[in-house]
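Next comes just one chain, in structure tokens: the form predicted alone.
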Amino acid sequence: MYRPEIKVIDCTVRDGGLMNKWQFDEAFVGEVYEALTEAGVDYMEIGYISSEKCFSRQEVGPWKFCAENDIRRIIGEREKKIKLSAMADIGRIDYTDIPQKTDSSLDMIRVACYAHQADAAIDLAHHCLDKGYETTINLMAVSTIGFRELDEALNDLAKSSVPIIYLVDSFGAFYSEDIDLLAKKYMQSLPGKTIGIHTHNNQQLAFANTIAGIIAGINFLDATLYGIGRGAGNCPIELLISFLKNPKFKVRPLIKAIENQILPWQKKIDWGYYVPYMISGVMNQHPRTAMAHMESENKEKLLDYYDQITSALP
């Protein structure tokens, strides 16, 4: 399985932060950083880069903003041996919020958008390229759009200078055959570009779908420690690097970080496979209603949630 062009991006802090408003302390982020570095992971996505006009630091933690002074407290003065990434959402950041690469510890900015926002995402990604960053565009929720709309977005992306485009299973709705079909479509529509994949685990398929992407030729792979992430979570990175058989990867540091930092959070927040997340995935719906149900006093009333969701169907 060893393929040297494959890159692994850990999204523990960024995607996991969607479950606790990025309220990870520096000990957590620091140990994740050290573990990923020692494990040989290629990128650590340390959070979002967002405008403080849109979010309050009294409501969300520092990893919603990825300010340079916060990042420097994590990496210190040591030589940085892992690349750092942050995600930017269309409409939640101003161009002036993005520093020049020479003034930032970030190496990559990943622009997240929906298909109808492709033009705005390209503009923002080009702005990041001009400032010296590596860039990707992560096309979200493609399970909810038809091929005509997808083709229009891919056609725009093909004309851009952005080198990496992501296939994102935002709702955990896809099966392996969907990933195979879409990976081929992306590669045919985006010649010369690298394709990435980001999966969610609503149907226990995040790891399997990532493997399907690898087999189809996808080379940028997202994952998180113990699968921590929004709702059902993501592909577990400890499974992924064990599968890849690249001798540069080491799983032991990841297991240590899971024991020390991830398992304590499992007692506070519910991510991973739960029936409400399965239902939202099967229904190809945003997990917000499932997350609300899981945070309520009635989270074990599974049939109530199922009836609520299915009664709203046409």
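One-based numbering along the sequence shown. Everything numeric in this text was worked out from a predicted model, so none of it was measured.
Separately, the form predicted in complex with a further copy of the same chain exists; it is not shown, and the next lines address it.
> Based on heavy atom distances of at most 4.5 Å to a further copy of the same chain in the predicted bound form, which listed stretch, 72 to 80, 162 to 170, 121 to 129, 210 to 218, is the contact stretch?
In the other structure, the partner sits against 210 to 218.
> Report the residue, out of 251, 54, 27, 269, that has at least one non-hydrogen atom within 4.5 angstroms of a further copy of the same chain in the predicted bound form.
Filtering the options by heavy-atom distance leaves 251.
> Could you work out which of 273, 265, 43, 65 is the residue within 4.5 angstroms of a further copy of the same chain in the predicted bound form, going by heavy atoms?
Residue within 4.5 Å of the partner: 273.
> Residue 256 near a further copy of the same chain in the predicted bound form, any heavy atom under 4.5 Å?
Close contact exists here: in the predicted bound form, residue 256 approaches a further copy of the same chain to within 4.5 Å, heavy atoms only.
> Quick one: is residue 196 in contact with a further copy of the same chain in the predicted bound form, heavy atoms, 4.5 Å cut-off?
Residue 196: no contact with a further copy of the same chain in the predicted bound form.
> Should residue 302 be classed as touching a further copy of the same chain in the predicted bound form when contacts are defined as heavy atoms within 4.5 Å?
Yes - in the predicted bound form, heavy atoms of residue 302 and a further copy of the same chain come within 4.5 Å of each other.
> Report yes if any heavy atom of residue 204 sits within 4.5 Å of a heavy atom of a further copy of the same chain in the predicted bound form; otherwise report no.
Because a heavy atom of residue 204 falls inside 4.5 Å of a further copy of the same chain in the predicted bound form, the answer is yes.
> Looking in the predicted bound form, is a further copy of the same chain within 4.5 angstroms of a heavy atom from every one of 175, 279 and 307?
Every residue of the candidate spot has a heavy atom within 4.5 Å of a further copy of the same chain in the predicted bound form.
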